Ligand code: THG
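Shown next as structure tokens: one chain only, the form predicted alone.
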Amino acid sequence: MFGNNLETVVSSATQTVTIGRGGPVIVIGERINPTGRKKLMASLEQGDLDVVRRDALAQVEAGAAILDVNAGVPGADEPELMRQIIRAVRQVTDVPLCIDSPNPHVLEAGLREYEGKPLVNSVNGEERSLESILPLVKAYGAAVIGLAMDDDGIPQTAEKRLQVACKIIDRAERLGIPRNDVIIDPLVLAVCADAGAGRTTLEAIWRIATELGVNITMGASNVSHGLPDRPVINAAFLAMAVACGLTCPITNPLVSTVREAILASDLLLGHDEWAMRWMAHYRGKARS
């Protein structure tokens, strides 16, 4: 359905995860990010990494195959904090990580600490970002998430987001980063502010998937910002996005509505043979 579908492989010291449209959706757990999480922010400010360890374990147990890690604490030594977070996560699980920061110095600290091939989150179409982030990705042999925005901000049309994706991929390939190591985030805005925001992102996902073949990620919860009963909206949007070509959303696997929408999408798209994962989830619910 999507033509030339590329596979992105990331790894830790002991585990390898393959992202692609021939297999199930890969969940990137979003919770090790202090933005908007007062409890995590407070613990990191105090140098306490117990919440990080608990969040890492809980997300993996809920189905996350990759964990996003962010050290964005105002006033902190972010490079050192990123190293500490990576070490803390590694104490409890060895799933691959997505090293998340707009700061090249923080990214490099994480890349130096990491064992394996991580994801870097993220680069975008701005010249400053391309020139500072892509050489790091190349030097450390990582894969990278490319945000479909540039010096003019987030484009309002799917066509322009596709163009930014093409620009990021082209610049990566010129540096020797293979296309399959670039995952595109087409970005989604809140539908309460723009009624067409969800539709525009779905169109962008479809076009990027069919025309470029690369894997696609997204922070799906942005779509419901400012609205009540957000998990229901997020779950519906995720299911629609998976059908359009989304392969590795950044989301909270602890939210049962979202987790079940992803499992059901895999089942209905033929990525859960004999419904084995769906039935295992059902039996787990029945026991609890």
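Here the structure is a predicted model, which means the values were calculated and not measured. All residue numbers are counted from 1 along the displayed sequence.
If you look for the form predicted together with the named molecule, you will not find it shown, but the lines that follow are about it.
- Annotation: in the model of the complex, residues I145, D185 and N222 each come within 4.5 Å of the named molecule through at least one heavy atom.
- I250 is the sole member of I233, V51, I250, I262 with a non-hydrogen atom lying within 4.5 angstroms of the named molecule in the model of the complex.
- Only one segment in the set 214 to 222, 83 to 91, 111 to 119, 162 to 170 has residues whose heavy atoms sit within 4.5 Å of the named molecule in the model of the complex; it is 214 to 222.
- Remark: Q46 does not count among the residues lining the named molecule in the model of the complex, judged by a heavy atom distance of 4.5 Å or less.
- Under a 4.5 angstroms non-hydrogen atom cutoff, the named molecule in the model of the complex has E30 among its neighbouring residues.
- The shortest heavy atom separation between P228 and the named molecule in the model of the complex exceeds 4.5 Å.
- Residues E30, N33, T35, G36, R37 are the members of 25 to 50 with a non-hydrogen atom no more than 4.5 angstroms from the named molecule in the model of the complex.
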